[in-house]
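In structure tokens, one chain follows: the form predicted on its own.
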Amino acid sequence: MAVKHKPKLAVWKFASCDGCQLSLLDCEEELLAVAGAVDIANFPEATRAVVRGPYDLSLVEGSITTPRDAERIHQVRRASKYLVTIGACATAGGIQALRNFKEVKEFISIVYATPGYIEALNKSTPISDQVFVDFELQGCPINKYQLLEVISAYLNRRKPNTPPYSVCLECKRRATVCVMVAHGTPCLGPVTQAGCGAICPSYNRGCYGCFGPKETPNTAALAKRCARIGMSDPDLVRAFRTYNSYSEPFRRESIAHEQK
């Protein structure tokens, strides 16, 4: 009888804080089942061991910020049957994408004594700007149960089942009073994808948009509502420029209020 080989799973890091890799490690008991079903070929946060590809599934954390990373992601793509990006850095450029709205060379000259040693692209971009991505898992950090669902889906050759709806539905499910309606607190929940469990509204704070834009978000309507309860244009720019600032809906809305 032929020996059935386990599929190879690789986890790759680019410009990021490692938080999404830690989400996988945080799976604890569930991780044992994953480890039993696959050969973990590359996982910088967990081991220095590296197994050569090709890989059945690659999980990519982080954005592309340097010329070297721009080359390396193509190597990862060529070696991977499926490539899934995990987290706000990989799917939307991350918090480091704030530099995309300014002149990065000016920052370099201010911060570094010898700017000539710094190799940086003008923009921090999501992985999908560089190579084809099979699936994007949003969040800062990602939801570990959603991550397990995505891994299971690709190992079993089916489509991942992750929520496309907004944080508002999570608030309703946990019977959390709407902070915007009840208290006039600005909240990005109506345009933000579910996944966090509506943590911030449960503590009477508005959603910060950690999980990025939901499917078909109406950011313009939300911005008008926030303006009516006291948010200024600079406030709206800051609200949309956080972890997912370079996602297209949030980027468009922030620019619209910056130009006023």
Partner chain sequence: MSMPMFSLTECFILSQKSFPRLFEVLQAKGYQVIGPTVRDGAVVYEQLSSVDELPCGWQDDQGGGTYRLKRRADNALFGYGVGPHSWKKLLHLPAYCLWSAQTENGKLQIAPGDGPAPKLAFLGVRSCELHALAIQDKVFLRGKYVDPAYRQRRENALIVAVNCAQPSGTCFCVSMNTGPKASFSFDLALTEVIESGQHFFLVETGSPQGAELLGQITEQKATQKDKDAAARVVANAAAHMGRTMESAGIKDLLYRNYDHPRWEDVAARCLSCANCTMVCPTCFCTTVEDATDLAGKQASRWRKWDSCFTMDFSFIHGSSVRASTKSRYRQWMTHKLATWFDQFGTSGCVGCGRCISWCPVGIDITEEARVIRQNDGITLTKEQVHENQKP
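The model shown is predicted, which means the values in this text are computed figures rather than measured ones. Residue numbers count along the first chain shown, from 1.
Below, we refer to the form predicted together with the partner chain, which is not included among the displayed structures.
In the model of the complex, every residue of the candidate spot (Val34, Leu169 and Val177) has a heavy atom lying within 4.5 Å of the partner chain.
Taking non-hydrogen atoms only, Ser152 approaches the partner chain to within 4.5 angstroms in the model of the complex. In the model of the complex, the partner chain lies farther than 4.5 Å from every heavy atom of Ala194. Proximity of His74 to the partner chain in the model of the complex falls outside the 4.5 Å heavy atom cutoff.
When contacts are judged by a 4.5 Å heavy atom cut-off, Tyr165 counts as touching the partner chain in the model of the complex.
Of the residues in 208-243, those that come within 4.5 Å of the partner chain in the model of the complex through at least one heavy atom are, in sequence order, Lys214, Glu215, Thr216, Asn218, Ala221, Leu222, Arg225.
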